[in-house]
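Only one chain is shown below, in structure tokens, and it's the form predicted on its own.
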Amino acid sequence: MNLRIVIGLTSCAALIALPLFFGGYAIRLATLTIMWVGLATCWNLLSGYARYIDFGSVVYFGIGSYIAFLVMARLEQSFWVALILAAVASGLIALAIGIPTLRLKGAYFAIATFAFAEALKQVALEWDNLTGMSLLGGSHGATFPINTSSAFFYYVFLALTAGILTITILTERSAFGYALKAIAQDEDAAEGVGVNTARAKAQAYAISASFLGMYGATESYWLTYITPSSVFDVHITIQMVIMTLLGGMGTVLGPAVGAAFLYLVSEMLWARFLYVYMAMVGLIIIGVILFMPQGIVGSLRGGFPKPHKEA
């Protein structure tokens, strides 16, 4: 049997069995690590492969959070109904927003997505005041039903992350994946040889948004309390970007490695160096970027850059 398959199956078995042997902080740490691996992988699907840098990805995380709140707290439906509706709503909104904005390129697309995320945060903050309806909770926040099972959320995040990783693996060598890579190389040339670039970009954007919506719904139910400022926080997007850059954009394992590395290192440093850990994390990020410009995975595959010798 192929060594990669053996390693993959062994890793999957270990992850599935983890809650049977550990609990408390260990499961929380594993759950958050898996969540960030999934979030970074979502961002990588469009931005990593097609090089359309999205600074508004958190908007779908926030949409999923509030869809889950409305379905579970207002309509009193189950989490599974909320999860499905969060995915559908996020995907449809992504198509509605993506079809026009994905015509923009470079900084214009990045700014447009960032502006949309900030605008929707303000809508969530002011909706109740403007409409006179007590619906979203405004700045006071929204409260979910309580579920105290740590293993439940661990397995939901594990399933979501397995799903987006599987999609990325299938994308890597599919016509869809080659279309995204062609867009990254030269979009005009790709269109010239018959690639439907608009459909490929919209498809990647919608898939990413659907999963981000499910992650938002799950994390919000886990935390039991949300505010617009927390679920539409731009720092969530920034962390996805940094994790993907650290691991290697446009690769299957890059975002996963970058997310696990950054989150676990941050937690370790936070526990030991409370007041200076952010500075230490920043230095580590700068070091990786300087010495591994293609990311951890990209550099390991292609070798570290060699210093130039003077003639």
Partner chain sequence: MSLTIQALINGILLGGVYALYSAGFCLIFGVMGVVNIAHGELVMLGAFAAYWLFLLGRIDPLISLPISFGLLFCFGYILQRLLINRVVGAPPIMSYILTFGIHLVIANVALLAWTADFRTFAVPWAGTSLTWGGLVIPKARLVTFVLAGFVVGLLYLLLSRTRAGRAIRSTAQDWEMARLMGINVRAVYALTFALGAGVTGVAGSMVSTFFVIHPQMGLQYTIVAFCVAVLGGMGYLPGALLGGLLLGVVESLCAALLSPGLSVAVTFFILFLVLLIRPRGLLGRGMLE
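Numbering follows the first chain given and starts at 1. Only the largest set of C-alpha atoms that superpose within 1.5 Å between the two forms is called the rigid core. Quick caveat, the model's predicted, so the values are computed rather than measured.
There is also a form predicted together with the partner chain; it is not shown, and the following applies to it.
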Out of the stretches listed (151 to 159, 124 to 132, 223 to 231, 71 to 79), which one is close to the partner chain in the predicted complex, meaning heavy atoms within 4.5 Å? 124 to 132
Heavy atom within 4.5 Å of the partner chain in the predicted complex - residue from Ile93, Ala110, Ile207, Leu165: Ala110
Contact flag, Gly23 vs the partner chain in the predicted complex, heavy atom cut 4.5 Å: no
So, in the predicted complex, is Ala202 in contact with the partner chain at a 4.5 angstroms heavy atom limit? no
If you check in the predicted complex, is Ala115 within 4.5 Å of the partner chain, heavy atoms only? yes
Although the partner chain is absent from this view, report whether Ile242 comes within 4.5 Å of it in the predicted complex, heavy atoms only. yes
At 4.5 Å, heavy atom to heavy atom, what parts of 75 to 103 sit next to the partner chain in the predicted complex? List them in sequence order, or say none. Ile97, Pro100, Thr101, Arg103
Taking the rigid core as the frame, does Ile289 move its C-alpha by 2 Å or more between the shown form and the other one? yes
Does Ala279 move appreciably between the shown form and the other one, meaning a CA displacement of 2 Å or more on the superposed rigid core? yes
